[in-house]
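To begin, one chain is listed below as structure tokens, in the form predicted alone.
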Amino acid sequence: MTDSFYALVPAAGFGARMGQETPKQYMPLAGRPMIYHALLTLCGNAEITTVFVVLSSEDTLWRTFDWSTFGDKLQPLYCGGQTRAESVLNGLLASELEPEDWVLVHDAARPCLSALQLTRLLDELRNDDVGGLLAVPVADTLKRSDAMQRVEHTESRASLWQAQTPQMFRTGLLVQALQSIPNVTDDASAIEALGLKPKLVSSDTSNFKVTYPQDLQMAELLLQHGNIK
């Protein structure tokens, strides 16, 4: 096994819940397109060799932005699929990485990933047999609703974690998992379906996913005031 690390950011989607015509990854955030901030953290890590961005073959916006600050470390791949999982699999196959290489798959809509969170993930998983993901223990009380949106019962939050990204696995294992179980919403789910148990690496709520318009305001505050550690 080697300790070669790569990152892959699927960015072929649209993000319809934002209610905007501009694809979510390109929406302005703190003076840059949203995806820029995640790329800055990933490219800024000296252990990561290359950061691949998986784009739609019809993407016309990527080339309108200046990515020169990242140099050759940033590599766009125009092979995005219809789903996130398909984009990740297509990107892995196009990247031609070795099966034993580590790949860190990160959401373009998590702009507040910190260098500390990224380093913790690498340090805790580099010798792990399976790999794992950043996550936070569920803190809020969880309610399950009925068809009328009334509380049916309260769910126990014991041992429940909220998954984040990056999610880090050996390339060969992740390709195998995604080819076997393509209809998943995150990479860890595909690994779990193989009967393996990814490790949960403690993160914090600053690494949240921008999903709704109000999330942009919170991300802007965190980025502008330097509250990302």
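Since the model is a prediction, treat every value here as computed from it, not as a measurement. One-based numbering along the sequence shown.
The same protein also has a form predicted in complex with a small molecule, omitted here; what follows describes it.
In the predicted bound form, none of the heavy atoms of residue 131 sits within 4.5 Å of a heavy atom of the small molecule.
Among heavy atoms of residue 83, some come within 4.5 Å of the small molecule in the predicted bound form. Taking non-hydrogen atoms only, residue 109 approaches the small molecule to within 4.5 angstroms in the predicted bound form. The small molecule in the predicted bound form comes within 4.5 Å of no heavy atom belonging to residue 207. Comparing 146 to 154, 96 to 104, 74 to 82, 131 to 139 against the small molecule in the predicted bound form, the single stretch with non-hydrogen atoms within 4.5 angstroms of it is 74 to 82.
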